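Next up: a single chain in structure tokens, the form predicted alone.
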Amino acid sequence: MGARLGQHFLRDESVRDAVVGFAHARPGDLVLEIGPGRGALTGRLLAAGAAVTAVELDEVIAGKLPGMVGDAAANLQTINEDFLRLDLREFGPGPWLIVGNLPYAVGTPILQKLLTWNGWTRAVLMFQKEVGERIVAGPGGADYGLLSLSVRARADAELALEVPRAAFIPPPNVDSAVVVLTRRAAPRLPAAEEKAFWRLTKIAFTQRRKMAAGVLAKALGRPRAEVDAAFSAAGLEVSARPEEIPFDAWRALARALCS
């Protein structure tokens, strides 16, 4: 059942407690749990006094979940559905806390779906460790890329805990990481700038080992001198590669080169 859907059930008590602690759930809080599995986190969230809405793809597990949490099931709503197919607007304005031990195969799509929704304030999510490192990465290393930028556009992210594969049953082939995200009330990237920003960054990161100025000049059909001037105005060396360019500098470049 777990293997069929790529599920790895969390069994380490200390990790369970840490994840719930990171959520800061209090009595009366609304918690949206993605992939509750056998209720390892669900029960603790309910014990903290939160009202939990659990979205579970596996029909059998979804049906058994209320029985797994006992009397606390009065504060549990279970939705047997693929989270990626849900219309999050139906959950109302919240604010929601998000908690999830996410399947590796769909962790990034789930994150991207959450980032475009304004109904949550804090999210505590388990990813494959490699993905977690990319989510929180800053400029200057190989982990930094489009995923890092997409998260920074709308949230602050921290890699709060590394989780060994032995913490799960069945154990996965890789280690995991817990990422804590705090949604920004006002995105760092205004809606009016999104099209130009993502056009520019996607062009550059397709050739991340090359100097970004040369790649952009060629792709945009702009004179190299003009592109170099935009880099200098943004406080960048003209030799900078995409992974060396901070978020705000990308915004400046997009305004200068895609207007």
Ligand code: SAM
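On a predicted model such as this, the values are computed, not experimentally measured, just so you know. Residues carry their position along the shown sequence, with the first being 1.
Quick note: we don't show the form predicted together with the named molecule, though the next part is all about it.
J.: Have a look at 191-199, 36-44, 211-219, 66-74 and name the one stretch with heavy atoms inside 4.5 Å of the named molecule in the predicted complex.
T.: This holds for exactly one stretch, 36-44.
J.: Whether residue 120 contacts the named molecule in the predicted complex should be assessed with a 4.5 Å heavy atom distance threshold; does it?
T.: Answer no; every heavy atom of residue 120 is more than 4.5 Å from the named molecule in the predicted complex.
J.: Quick check on residue 29: any heavy atom within 4.5 Å of the named molecule in the predicted complex?
T.: It does not: once the named molecule is placed as it appears in the predicted complex, residue 29 has no heavy atom within 4.5 Å of it.
J.: With the partner left out here, check for me: in the predicted complex, does some heavy atom of residue 102 sit within 4.5 Å of the named molecule?
T.: Output for residue 102 is yes: heavy atoms within 4.5 Å of the named molecule.
J.: Could you confirm whether residue 156 comes within 4.5 Å of the named molecule in the predicted complex, counting heavy atoms only?
T.: Outside the cut-off, so no.
J.: From the list 249, 240, 10, 20, which entry has a heavy atom within 4.5 Å of the named molecule in the predicted complex?
T.: Flagged contact: 10.
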